[in-house]
Structures are given as C-alpha cells and as structure tokens.
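Only one chain is shown below, in structure tokens, and it's the form predicted on its own.
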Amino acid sequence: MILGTVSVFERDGIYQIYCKAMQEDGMGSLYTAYEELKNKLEKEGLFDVKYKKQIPKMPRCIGVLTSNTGSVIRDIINVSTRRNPNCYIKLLPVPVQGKGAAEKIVEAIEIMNKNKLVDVIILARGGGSLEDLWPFNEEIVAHAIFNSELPIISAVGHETDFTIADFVADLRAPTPSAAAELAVPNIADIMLELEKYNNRFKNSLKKKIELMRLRYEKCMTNRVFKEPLQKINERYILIDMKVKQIQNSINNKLKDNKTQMVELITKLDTLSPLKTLARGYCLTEKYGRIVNSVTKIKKDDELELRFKDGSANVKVI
C-alpha cells in the first residue's frame, strides 16, 4: 500500500506517484489486527478440534443467521428444499457488515441457544473485502460461537475467504450453498440407503428362515421324533438285563453259601462227640459238666453217663 500524490507528465502522458508512505501489500492495520486476534484465540484453544461439536445427521430445523435480503438466504433455502423438503429453515436476520453487526450476530446466537429454536446454526454471508467481512473477525463473535451449545456451521465469504468465525465454528463451509448441503442430508440418498438396508434385512431373514427350516427337518428326521418310545424300550431292556444279572448273582451266592455250609456241617459232624459215642464211648457228666479227670469225682458222687442212644445215672462206690 502506497500513500502519496499523483501527477501527470502531459507531454508523454505518463503518471507519476510521489510516495510519502509505503506498506507491504496485505499487511494493513486490519490484517495485522486479524493475525494478532487469530494467534491469541488459537493459544486460548478456541480452534482446538476437541471442542468441535458434532453436526446432527438428521436435523429437523436449521437456523440461519444472515441478511434477509440478498442471494445467501435464497441459495440456502433452494439447496435445503431440494435435498430435504421436510427440513424447516428459521431465519433470524442480522446485519452482516458495518458498525454494530458483531453485537447483533452475538445476540442472535444467544437467542437461538436460549430458546433451543433449532438443531444447527448456519452463520452465512456472501463474499467481500476484509473490511466487509470484519464483523466475523470480532473477538466477541468468536467467543459467542465457541460458547454456543448448538453446533454452528460457518459459511462466510467465498471459498478463498477465511475469517476468525471459520476457525472457531464446529464446521466450515466454503460457501452458503455448501453449508446447506453439509447441514441438510439428501433425502434421496437416505431413501436409497434405507432401501439397501431393507434388502439386506430381507436377505438375512430369508437365510435365517432357511437355516431354521433345515434345522427343523433335521430334528424331525431324528430317531427321537420318529420313534419316541425307542429310548424307553431300550431302558426297559436294560433294566430286565440288570434284574437277571442280580438274580443270577443272588442264586450263585446262595449256591456257594450252601456248598460252604455243607462242608462246614461235615467238618462239624466229624468233630461231634456223638460220633465218638457211636464207637462205644460215653460222656461222664457231674452236675451238667463234663468230667475229664478222676480227680474231679469222689465217693458217693452221682454221675450221669451219656451213651449214643441215651443216658444212665450212676453212683461212685
């Protein structure tokens, strides 16, 4: 930028500039203030991605903060209506340039948040010079966007224009029309996606039914369903076998015990004193006790002699 006076050399038709001050292009006072504020807010974390709010995928109502005249609002309405006619647009007119515009923008953002009027806000205006876009570079606007509970899409200027509002907003759109495309889902795409899911669900259901049918047929061919009493009959047979095994075990045990008893009786009979008596011997008893020594008797004792076929009482002489 050059500050000075211009004169004309009439003979040659040449313009001459008498320069009094010179400043590098793009480094005016507004641009310097813009860079300083941008660096300040960036250090404060207002541009941090972690603070960006998610834009709703299916908004029912969209709030637009822009001028009520001009092509911006018409472009947003046309695009949103074409993409989803069921999405409502609420316009809250605000001045987008000039003195006091920043305060009006802040007030409109606060009204939208306080009354929860919409699901998402589009902050938009057309292109312009740095001076024209300056309300969107004000610090109060940046803090209002950052503190908004409702997500905000910034669509200020043309694609090459960047304002402080673009960096603070939850999403930046290069143009107001692009902001409408980002905020409003295409109902045709959604219907196509739903149709795709519907077909997938149908195919999944058919496969599930086919699988269940195959499992049903497999179950019905199972022996349990064809011969439900077969298992019970097998158990009855098994019980009969076990009963016979028990009976055989008992009979074998009785037979063994009987044989053993006969053997014991035979042994006992062999050792019986009655066998001895049968060979001509007798038992001498005194008062019911066996007398096995002559020292245990004396004169006049009454004894009982037991033979194989009876007994006799005797007296010792």
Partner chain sequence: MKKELNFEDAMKKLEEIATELEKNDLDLDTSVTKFEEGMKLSKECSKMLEEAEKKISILIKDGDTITEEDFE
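In this text the structure is predicted, and so the values were computed from the model without any measurement. Numbering follows the first chain given and starts at 1.
The form predicted together with the partner chain is left out here; the points below concern that form.
Which of these stretches, 149-157, 243-251, 83-91, 216-224, has heavy atoms within 4.5 Å of the partner chain in the model of the complex?
After filtering at 4.5 Å, what remains is 83-91.
Taking 4.5 Å between heavy atoms as the contact cutoff, choose which of L271, M58, M261, A278 touches the partner chain in the model of the complex.
Residue within 4.5 Å of the partner: M58.
Have a look at R200, K116, K99, K231 for me and say which one sits with a heavy atom within 4.5 Å of the partner chain in the model of the complex.
Of R200, K116, K99, K231, the residue with a heavy atom within 4.5 Å of the partner chain in the model of the complex is R200.
Would you confirm whether the three residues I17, L46 and L182 all fall within 4.5 Å of the partner chain in the model of the complex, going by non-hydrogen atoms?
No, the candidate spot makes no contact with the partner chain.
Wondering, does I73 line up within 4.5 Å of the partner chain in the model of the complex on heavy atoms?
Close contact exists here: in the model of the complex, I73 approaches the partner chain to within 4.5 Å, heavy atoms only.
Is I209 close to the partner chain in the model of the complex, meaning a heavy atom pair under 4.5 Å apart or at it?
Within the cut-off, so yes.
Taking the partner chain as it sits in the model of the complex, is V141 in contact with it (heavy atom to heavy atom, 4.5 Å or less)?
Heavy-atom contact with the partner chain at 4.5 Å: absent for V141.
In the model of the complex, is there a heavy atom of the partner chain that lies within 4.5 Å of any heavy atom of N68, even though the partner is absent here?
Heavy-atom contact with the partner chain at 4.5 Å: present for N68.
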